[in-house]
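Presented as structure tokens, the chain that follows is alone, the form predicted alone.
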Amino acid sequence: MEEIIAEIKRLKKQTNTLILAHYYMSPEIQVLEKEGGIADHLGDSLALSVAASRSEATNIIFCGVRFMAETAKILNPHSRVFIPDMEAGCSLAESITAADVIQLRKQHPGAPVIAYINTYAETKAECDIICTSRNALAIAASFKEDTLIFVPDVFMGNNLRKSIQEATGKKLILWDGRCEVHEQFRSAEMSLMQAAYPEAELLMHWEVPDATVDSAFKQQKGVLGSTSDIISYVGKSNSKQFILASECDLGAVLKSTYRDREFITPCIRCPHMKRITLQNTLEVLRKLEKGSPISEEIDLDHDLMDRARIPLERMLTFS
């Protein structure tokens, strides 16, 4: 692994390549270059979108899934953007299409469409604004309309709906999409973990089923929010023990950041994220060095990028 990392670092410099890594990557990919790893930036979808939009690198390799790499390309069309495995998809992004959004608009005329960032470029282009789990509440509150369409995650939508209705009185129309990782956190399994660790606080992502969220927080306190909310909450909490209801390798970030705490992390991994490895990241860099054709490059129609950039840039005003 050290030899691969050393070659990646050499080729990054030679090809003027920036590497972005999501929190759900395998631990060896999450390590920042300044700490001996390969990543220039480690973060959630919002942080990495901002990093992509500000980059002046010739090339960007996105260690994440395809909708994230598409977002980087849309926000930085002057850089070449690559994903080490083009099959790194997303069940949530695949649950809705541009045609579905167009149909929703016809069914609910005048209702603005807020799309979670876990969507493909074609879907983003048909929406009014994009959100991440970190800024969804603020974005929903910013609209003057009383009815909003939120796509595609139905569980995140139901969890947000309670907070939005309480704060603003707005109605959310939802789409029945779900994340294949977070939907596995069911009430029965969570109850067993809570019984085993009664002193632990809960760290739950917005995408966990709302029924699970409701039952879990009746027993213990904690946080329901974005990946960044979870990381921040641990830093402010006095608890020494936490149950994590999110992608398993977020636990690697938590364990390395807060070494004095204990994290109970049911190992539910995103199979799409795990398609990205040090080896296939290195293969992209080797092709760049040789000037070889690279099938892992994100190639989007210019008109599509222009239309999708509008709701993404609106999102960035809330970052």
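Each residue number is its position in the shown sequence, starting from 1. Bear in mind that the values here come from a model prediction, so they are computed numbers and not experimental data.
Keep in mind the form predicted in complex with a small molecule is missing from the figure; the text below concerns it.
Asker: Looking at 276-284, 289-297, 52-60, 22-30, which lies within 4.5 angstroms of the small molecule in the model of the complex, counting heavy atoms?
Answerer: Answer to the contact question: 22-30.
Asker: In the model of the complex, does K73 come within 4.5 Å of the small molecule, counting heavy atoms only?
Answerer: No, K73 is distant from the partner.
Asker: Can you tell me whether K124 touches the small molecule? I mean in the model of the complex, with a 4.5 angstroms heavy atom cut-off.
Answerer: K124: no, not in contact with the small molecule in the model of the complex.
Asker: Heavy atoms within 4.5 Å of the small molecule in the model of the complex: does N159 have any?
Answerer: Heavy-atom contact with the small molecule at 4.5 Å: absent for N159.
Asker: Using a 4.5 Å heavy atom cut-off, state whether I38 contacts the small molecule in the model of the complex.
Answerer: Although the small molecule is absent here, I38 would stay clear of it in the model of the complex, with no heavy atoms inside 4.5 Å.
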